[in-house]
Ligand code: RP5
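Just the one chain here, the form predicted on its own, laid out as structure tokens.
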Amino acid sequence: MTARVAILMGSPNDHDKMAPAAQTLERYGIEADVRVMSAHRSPAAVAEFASTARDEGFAAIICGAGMAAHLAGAVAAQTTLPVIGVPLSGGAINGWDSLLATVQMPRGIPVATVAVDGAMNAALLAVQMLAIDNPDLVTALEDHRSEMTPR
């Protein structure tokens, strides 16, 4: 069965900032299911998705949101899958608010958090998680690291 990772974003306006996550997953042959879901505008849909994601075959969930950035936390509260938060820039303090909202989760409900606008790193972290028991992904990650090494 092919690994699937969900990429959720709080608004359609976040698409350009989250596109590197889908592109990175595609590079590794991992199916990305991209959806727009708001923790504030559609909380029931977020809860329904998150609570059934494992049964639907997802291995991890990447959530990108700006300002209050409650999406990753709202998802993490409803699933035991790994949740990776991508704080997005914008607003009055250019992403610092979303960074703090994403990283400051209560004990027992973790969200792995990458840098502001770090969608590519979120996808790479998901790939590393999936590589734990997938030697082909390990090789692909090692090859990617080798390509990044200055010569």
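A residue's number is simply how far along the shown sequence it sits, counting from 1. What you see is a predicted model; the values in this text were computed from it and never measured.
A second form of this protein, the form predicted together with this ligand, is not displayed here; the remarks below concern that form.
**Student:** Which residue among 114, 124, 67, 30 has a heavy atom within 4.5 angstroms of this ligand in the predicted bound form?
**Tutor:** Contact residue from the list: 67.
**Student:** Can you pick the one in 13, 128, 134, 23 that has a heavy atom within 4.5 Å of this ligand in the predicted bound form?
**Tutor:** Filtering the options by heavy-atom distance leaves 13.
**Student:** Within 4.5 angstroms, counting heavy atoms, which one of the listed stretches 45-53, 115-123, 99-107, 59-67 is next to this ligand in the predicted bound form?
**Tutor:** Only one stretch qualifies here: 59-67.
**Student:** Is residue 41 part of the interface with this ligand in the predicted bound form - any heavy atom within 4.5 Å?
**Tutor:** Yes, residue 41 lies within 4.5 Å of this ligand in the predicted bound form.
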